[in-house]
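The chain below stands alone, shown as C-alpha cells; this is the form predicted on its own.
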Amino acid sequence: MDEYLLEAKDLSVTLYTERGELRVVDGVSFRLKKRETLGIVGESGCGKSMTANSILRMVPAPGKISGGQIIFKGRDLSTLPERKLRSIRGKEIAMVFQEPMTSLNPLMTCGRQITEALRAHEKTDAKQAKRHALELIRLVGIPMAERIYESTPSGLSGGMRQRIVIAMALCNNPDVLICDEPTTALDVTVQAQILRLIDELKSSFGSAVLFITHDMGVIQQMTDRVMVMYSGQAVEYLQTEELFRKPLHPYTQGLIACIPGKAAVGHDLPVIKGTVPTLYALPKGCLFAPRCPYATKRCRCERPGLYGAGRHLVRCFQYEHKEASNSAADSGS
C-alpha cells in the first residue's frame, strides 16, 4: 500500500478573466501521509486557499484546475466524475473554513446541520443520527449539548460556531481534514482552544491534516512538514523543525523574522518590504526578486526552479547545484 494518502502533482489553477489568464497556483506538488499535518503558509494572495479548494474541485468561477493531478487513495480527483467526487467530499475528505458562517446555515439548528452531513453519506435513522451528533458536540468541547443541538448558529459565539463546523467535518471520520485559516477570526484565547482541539481530534480520529495559515507561530505549533507559498508557487518545502532551525529561502527567512518576540528588546519588529505582486503584472524573473535583499541581475531576468538537498527543497538560485529536484513530491517524507 502507498504510504501517501494524498498527493498533488504539478498542480496548477488558472483564472480565466477578460484581462487574460491568471495562474493562481503554479505547478505545486506535495504529499500527505496518514496521521501527518502538512502546513501551507504564506501571505494573503499567495494561493494557499486556492490550493486547498482545488483538492475537492471547489475552485470558484472563473477558475479551474488547468494542470497536474490530485491523487487520493490511487484516484485522480482532478478527473473523477462529479458523482463519485460528491461521495468523497465531506466523507473521506472534509474541510473547515476560515469563517464558520460560510459553511453553516444561520437559520437551521446546529443539530440538523450535523445530522444532515452525517446522513448524506451514512445510512442511519434519525434517532441514531441525533445520538451521534450529540456525541460530536460534546467531543468538540461544547457544554449543554442538548441545548446547542436545538440552537441556530446565529445565536452562538464565533468559537462555538467553529466547533460546530469541526463537528460536522468529523461526523464521517474523514481520512483527510483540510483546515483553511480556521482560527483567523477568533480571539487569541479561543484560537488556542481550537488549535488544541484540532490536534487532539487528529490523534483520536487518525486523520491527516492539511493546515492553511499565514501565521508562522501556528505552523510551528501544529505541523510536521511545511510548504511555503509565494505568488502561487511553492518556494520552500521541508520538515517543520528544519524550517525554524535553518530556513533557506529569503522569503521564509523574512516570515520567521517577523514572528512577534523574535525582535530584540527596544527594536522594531522586522517587516518584508513591498507587497505580493499582482497576478496581472508578475515580475519577469524570480517572483520574490523585487522584495529580496539578495536579488541579483539573474534573479530579475530568470525564474528559478525548485532545487533540493535531500528532503529540503527551495526555489532560489543560491541552491541550484545542490541535488536539483523538479518537484516537491520527490522530497519523500
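Fair warning: this is a prediction, and the values are worked out from it, not measured in the lab. Each residue number is its position in the shown sequence, starting from 1.
From this point on, the text means the form predicted in complex with a small molecule, which you will not see here.
Undergrad: Residue-level contact is defined here as any heavy atom of the residue lying within 4.5 Å of the small molecule in the model of the complex; does Glu302 satisfy this criterion?
TA: Flag for Glu302 set to no.
Undergrad: Answer for Thr17 alone: is it within 4.5 Å of the small molecule in the model of the complex, judged on heavy atom distances?
TA: Yes, Thr17 lies within 4.5 Å of the small molecule in the model of the complex.
Undergrad: Is there a heavy atom of Pro290 lying 4.5 Å or less from a heavy atom of the small molecule in the model of the complex?
TA: Contact with the small molecule, no.
Undergrad: Is Val24 close to the small molecule in the model of the complex, meaning a heavy atom pair under 4.5 Å apart or at it?
TA: Yes, Val24 is a contact residue.
Undergrad: Given that the partner is absent here, state which listed stretch (65-73, 291-299, 45-53, 31-39) has heavy atoms within 4.5 Å of the small molecule in the model of the complex.
TA: The contacting stretch is 45-53.
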